[in-house]
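A lone chain, given as structure tokens: the form predicted alone.
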């Protein structure tokens, strides 16, 4: 589903990632960990093709970084759901309108958009927030709207870049539980975080750990080396 084959990447003359190789299969839940600056966000940008590798190949579904023209990138991104730390909501649109916008740009019919928006609002416990603007929502509610927007197009994977970075510990765990629930319904999840407290009690979950741009661990979280940084929750 997602494959990295000997991938190196960076910006101008700065190399950030060195020779990464791994696969994420359909329906997996994977934590991507590492300290700030280790390359987590760069790795995610390679998946949704905001960045091209310097060498190697990134495969996402049927798309290859070696053969994907720029005009086809939007078609790739429609297969992905992406959530950011800062929510990235449009302040002049309601929660429902923010979610609908993700489908409007694809040319979907109004009837289909209404049905899908209603469904994800209900799924994420936001049915009573549809008419609220972002500044009328709590941080946790804004992140739920961002997740709903990412899910409305029925992506095969949800990619989350530090989705709890601006949230307090209790709400962070609530967002994590929501993502685990989404995963149980069949959507793969790749969650990047340097908040190691989120991994407590989740020893069976797969973990990819970056250090200085290299993949130094890939396996069950419970087998991760004890030299990992202390929890932040």
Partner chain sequence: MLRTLKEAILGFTRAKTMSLFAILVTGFSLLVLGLFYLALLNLNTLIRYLENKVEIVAYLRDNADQSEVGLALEDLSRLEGVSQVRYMSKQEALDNFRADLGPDSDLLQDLETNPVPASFNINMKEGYRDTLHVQRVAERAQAFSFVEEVDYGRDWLRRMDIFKHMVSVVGLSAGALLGLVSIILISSAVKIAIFSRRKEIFIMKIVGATNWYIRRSFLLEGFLKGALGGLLAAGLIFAATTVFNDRVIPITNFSDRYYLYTVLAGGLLGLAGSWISLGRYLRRV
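Residue numbers count along the first chain shown, from 1. Given the structure is predicted, the values throughout are model-derived calculations rather than measurements.
In what follows, reference is made to the form predicted in complex with the partner chain, a form of this protein that is not presented.
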Candidate stretches 161 to 169, 32 to 40, 194 to 202, 48 to 56, one within 4.5 Å of the partner chain in the predicted bound form by heavy atom: 48 to 56
Residue 116 near the partner chain in the predicted bound form, any heavy atom under 4.5 Å? no
Given that the partner chain is not shown alongside this chain, does residue 74 nevertheless sit within 4.5 Å of it in the predicted bound form, heavy atom to heavy atom? yes
Does residue 127 reach the partner chain in the predicted bound form if we count a contact as any heavy atom within 4.5 Å? no
Partner contact for residue 92 in the predicted bound form: the partner chain, 4.5 angstroms, heavy atom: yes
At 4.5 Å by heavy atoms, is each residue in 2, 4 and 16 next to the partner chain in the predicted bound form? no
At 4.5 Å, heavy atom to heavy atom, what parts of 77 to 105 sit next to the partner chain in the predicted bound form? List them in sequence order, or say none. 77, 78, 82, 84, 88, 89, 90, 91, 92, 93, 101, 102, 104, 105
